[in-house]
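One protein chain, two forms: both are listed below as structure tokens, the first as structure 1 and the second as structure 2.
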Structure 1
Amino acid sequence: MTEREGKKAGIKELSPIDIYKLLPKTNCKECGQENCMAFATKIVNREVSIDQCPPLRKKEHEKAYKQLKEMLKPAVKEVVVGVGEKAVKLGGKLVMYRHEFTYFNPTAIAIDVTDEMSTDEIANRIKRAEQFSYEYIGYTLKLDMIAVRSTSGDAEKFKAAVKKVAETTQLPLILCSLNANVLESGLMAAPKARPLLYAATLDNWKDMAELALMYNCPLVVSAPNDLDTLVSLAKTLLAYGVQDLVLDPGTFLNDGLADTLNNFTMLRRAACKGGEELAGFPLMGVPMVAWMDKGDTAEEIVKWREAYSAAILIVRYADVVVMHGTDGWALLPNTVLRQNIYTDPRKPVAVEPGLKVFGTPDENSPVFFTTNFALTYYTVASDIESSKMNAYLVVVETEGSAVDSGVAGRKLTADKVADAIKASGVESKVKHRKLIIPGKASRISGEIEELSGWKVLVGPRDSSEIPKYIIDKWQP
């Protein structure tokens, strides 16, 4: 297995020179970069798009532009669902493994409603989806889409439900019915919203293709656990003129879980490593099938199963998932997981050590320390910031270890803390000598006192308690 195989130019093979050769080489700076070479470097890193080069869009560069587009084409096509600000991009993946580059377009999470729910229930579920919001190290985690399913099979009911949904939310929609007449009826209630249509099957593909073309919508291709049929349908639909496809190889959570993982993995590998264009579309997972064999199972168990299944799908290449449960406890781990998996692995694990200043501290303000592991630092920093307190934070170089693992692994030691305090210059900024240390570093509190000469106050084990701790305990 090599990282460089495949028909299409793999991500690693593109060098800035390859791009530079095709640029107009005007060094006009219209793109905002210093020169064309700098722009080419940013292109290779996918930090800018070639569309940001105005000269390239001129007629005489058309050939080069097209060539560049082809060179930069992702292995998995980027499919846009919805319109306007809330539109979501699915797919657009360049690589199979995130360490090969980075993943783009985090897995979209859709919450379902049906055409047999009361208008209140529809409104409530949309509200829950829209109001889901969690602040996590500087990011706001949100849900992305609403799936409207026809459980009635009645065209008019579906139309009414879609109308209600489209009036209530700007979130992009997935319209679900295997009956093209029902689906079209729903589409008429949101004709310009560019919803994702679910789904073209062996039985209905022609009608679905017509709808996708007529309303300019992306279309899901469904062939449960049958990849031959799935790619055959994709090939047929492409020939039919439907360009924006999403592939659904079926989601099976009990018997068939191994097949499900295999299908997602094989499709993604065929696209990224084998240059197989028919596999090069976003993949859809349906964790809400957990609700299908519910039986007498308690709802909490079903929600639990749906939640962990979503996690498996997020890790194994799903670009969009449909979920029924709306509980925060079940969705939070998945939105955090998605954020983690889609973080750019090229970003450093550590932040710069040194003194960080919060608010406008004076000589009586509290002094904390933490490690230079990026996540530890951002967590502590956001807790201090959100409390609006004035404080100093000494960031100790721990080779990117968190507090507990730093203490256990001897990356966070008393002499490192003492050195960091000296080097930070905080001793000239405050007149007290009281250091608040993380609760998880309490084991080395005595040694820190000895080596630094500061009085150590053992702070909370979790930085969310810092504001309360300061109110209750802090006296310079």
Structure 2
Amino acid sequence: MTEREGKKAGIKELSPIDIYKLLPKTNCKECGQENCMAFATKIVNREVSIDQCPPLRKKEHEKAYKQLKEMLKPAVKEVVVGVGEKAVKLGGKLVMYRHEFTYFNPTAIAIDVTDEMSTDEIANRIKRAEQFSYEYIGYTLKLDMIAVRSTSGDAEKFKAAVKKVAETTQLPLILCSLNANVLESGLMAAPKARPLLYAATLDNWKDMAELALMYNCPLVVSAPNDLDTLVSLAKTLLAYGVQDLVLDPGTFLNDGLADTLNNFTMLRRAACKGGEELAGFPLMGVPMVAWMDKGDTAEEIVKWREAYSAAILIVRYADVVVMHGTDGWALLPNTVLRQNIYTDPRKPVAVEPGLKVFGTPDENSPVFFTTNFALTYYTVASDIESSKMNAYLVVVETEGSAVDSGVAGRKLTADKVADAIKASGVESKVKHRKLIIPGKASRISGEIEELSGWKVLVGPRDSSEIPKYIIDKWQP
């Protein structure tokens, strides 16, 4: 955004000085920083919270604290669903585009159950949702919520279904019905769970608002393909006292997909670029609509449609999506996509440097090195682990650069490798002095030998070939 656009939108670029002026300026270090200016810089970068400054919380600084809260509030409000450790935070976005800063609070993925499913089917779907887990470059990818839908319209059936779900899982809930009486019956089965209520419409908003206020729950506002009504409803509900809102502009697939993307984009642009507070709430997408109008379409095609629709919505600003399919092939790509989008673009994904041990190595075991770029490290580590090899791996600090780019950009140098070997303590663990280096680092092999005093063996360019390389060439 240009300075002119920022002024037009009423959005001000914050600087550490803006923050510093409102801090107590005691330089007390209670926040963990050296001084108040360093703390202000961390605040601007969203690396710390103003709540980490104890003097700021005192009564005499109350006005400054409120000013800072207002200055730092995100363009998209953060809404908490659920309670305890499993609670999910929706929204909290500061910018429209990831390259501008970073995204917070990854898109929550919910799996649905209905009140017409058997108790066994409900339990099985919850089990599949909870057991979904995948280790990806140091992160554990999981699903986040359970959406309980009233398809029967029967209050007692819905209450029983919600009770079963609440007894089975601690995942946050979305309770779905346009009938306030049915929805309240579900709330009575889980009165302290703080579920997300779906949904307030033009016809039922007052009843839904009463429920949200009575049970202290966030509320979805729904006006399919009608942004004017959606924003108007949000304004009405805010005035009524409901502060935690989620906007559902409608999810339409096939011929309606363009409208869906346009509506999501316009809402997020209005919030982040236009400073429109009534659009500044988390957005809900419902890719499971693929199942509601499938006709004679083959089930695999329906699953595929739901999966790619979820991917599009995750990219196009959805803060929560509701899905029906539980197949790993459909869920895994979307959780990986989500993780990639919600990393900090200012910082490469990296692991801690140091010595990593695989199996039970002895004094004759091979010693490798790699960089601390997470994808590189976990690929190499996986290939070593899968081969059941006993080995040492020295992870070199390269500021999150891969091997080839690290060498090209001087982030991976011979002196860094030599220093890493010394710091790791591996010299006291093996009697040989042989280091297997990645094939892509062959150009600095001579320098490594000279600076480290270790004999360098140039390994394969692809870590998947390490097991064969050890069999063919390793001799301590």
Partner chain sequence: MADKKKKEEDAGLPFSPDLLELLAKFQEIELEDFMLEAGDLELWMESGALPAQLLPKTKAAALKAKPLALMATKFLPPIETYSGKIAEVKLGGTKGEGGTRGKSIIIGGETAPAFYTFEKPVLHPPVVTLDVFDMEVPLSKAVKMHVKDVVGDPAAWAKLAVEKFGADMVTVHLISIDPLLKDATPKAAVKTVEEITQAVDVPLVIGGCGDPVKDADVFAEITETFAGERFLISSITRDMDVERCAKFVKKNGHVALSFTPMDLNLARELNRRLYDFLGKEDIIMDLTTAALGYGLDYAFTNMERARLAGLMGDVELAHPMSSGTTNAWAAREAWLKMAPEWEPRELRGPLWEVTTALTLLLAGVDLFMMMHPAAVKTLKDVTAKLVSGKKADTSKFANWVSLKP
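As the structure is a prediction and not an experimental result, all values here were calculated from the model. Whichever C-alpha set is largest while still superposing within 1.5 Å between the two forms counts as the rigid core. For numbering, take structure 1's sequence and count from 1.
Next item on the list: Looking at the two shown chains, say which is the form predicted in complex with the partner chain.
Entry: The form predicted in complex with the partner chain is shown as structure 1.
Next item on the list: Would you say whether Phe369 is displaced between the two structures, judging by a C-alpha shift of 2 Å or more on the superposed rigid core?
Entry: The answer is yes; the displacement is at least 2 Å.
Notebook entry, point to check: 2 Å or more on the CA of Glu397 between the two structures, with the rigid core superposed, yes or no?
Noted result: Yes.
Notebook entry, point to check: Does His61 count as moved between the two structures, where moved means a C-alpha shift of 2 angstroms or more after fitting the rigid core?
Noted result: No, the C-alpha moves less than 2 Å.
Check: Rigid-core fit: what Cα movement does Lys416 have between the two structures, in Å to one decimal?
Finding: A shift of 15.0 Å.
Next item on the list: Superpose the two forms on the rigid core, then give the C-alpha shift of Ile436 between the two structures in Å.
Entry: Rounded to one decimal, the shift is 7.2 Å.
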